[in-house]
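What follows is one chain in structure tokens, specifically the form predicted alone.
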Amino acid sequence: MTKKTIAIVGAGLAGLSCAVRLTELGHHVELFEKSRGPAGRMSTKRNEGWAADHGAQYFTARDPMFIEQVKKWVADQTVALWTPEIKVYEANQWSTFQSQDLRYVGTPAMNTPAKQLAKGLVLHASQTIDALSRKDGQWFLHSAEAGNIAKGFDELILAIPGPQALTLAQHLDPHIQTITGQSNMKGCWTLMARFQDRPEVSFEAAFVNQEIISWVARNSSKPQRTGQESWTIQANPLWSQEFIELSKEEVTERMLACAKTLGLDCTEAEIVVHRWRYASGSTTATLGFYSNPALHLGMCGDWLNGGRVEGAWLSGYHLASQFA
């Protein structure tokens, strides 16, 4: 097998999974990530004295390969089970959530598994790739921060949300427009609330139906969390997408009013707002990953594989295995 040099744009879980597998296969891989570090939507926001997971809240494992990966993380103490008291709110009524699913979280933060995967990889952080070109059979990248990246790559993998991949590469591969058009990615407004004392509510996490809010969780209930009491409140995808350009002040006002109807009064809490422009994709996506051997171009991500943490990891792993 010919060993290749491969550039991966995006260091979320799909990109990291892909990079680890490619490295195991003997290829040279370099990741380019616009944020300051890896993890993508498996992220943790830190403020003075407190922190909150503000992207993926937990994950489950159903596929045998991903189950094995989770077992490794548990053994390495980068992942642990989370067993909160979960309730459901619908039509002004509360009920207990019934589920046999095992829920896992990163420890001591949601981004810990991503950081563990990134160890030993070549990761260029704070590099926003905004242009691509092919010359003499190689891929060349342009960074908004650093300009042209001199090194060329044999293969290119886009491990970023579908709409971003479309903007970056549709002029090079027209099939991308069709594929990303099916991703149906929506945004998510997320609030993080820091309290002096634990709020007096009867749940540690809640699914909320037919309201502005769709999810509420006591971050402090997750294993190995330290610091002051913190909660994460996420708006439902349809509402988030409709009001994705709303001001943070207006979003905060509307979401906190909804939270108050649930019994979670954040009047005295410190609030931090985050907008995920691309947060959730189609849960019915079954393509898994995309590969164009003629162009030496691939794409992976949860939006291609069911929209979950597990789907992201599997998408990257299976794409990388095409290079075996």
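Quick caveat: nothing in here was measured; it's all calculated off a predicted structure. Don't overthink the numbering: it's just position in the shown sequence, from 1.
The following text describes the form predicted together with a small molecule, which does not appear among the structures shown.
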Indicate whether the small molecule has at least one heavy atom within 4.5 Å of a heavy atom of A39 in the predicted bound form. yes
4.5 angstroms heavy atom contact with the small molecule in the predicted bound form for A169: no
Any chance V309 has a heavy atom within 4.5 Å of the small molecule in the predicted bound form? yes
The small molecule contact in the predicted bound form: Q57, any heavy atom under 4.5 Å: yes
With the partner left out here, if you bring back the small molecule in the predicted bound form, are G10, K34 and A279 all within 4.5 Å of it by some heavy atom? yes
Pick from 241 to 249, 160 to 168, 194 to 202, 223 to 231: which stretch has non-hydrogen atoms within 4.5 Å of the small molecule in the predicted bound form? 160 to 168
If you check V79, C188, I213, A206 against the small molecule in the predicted bound form, which one has a heavy atom within 4.5 Å? C188
One residue of Q127, N184, T112, N236 in contact with the small molecule, assessed in the predicted bound form (non-hydrogen atom, 4.5 angstroms): Q127
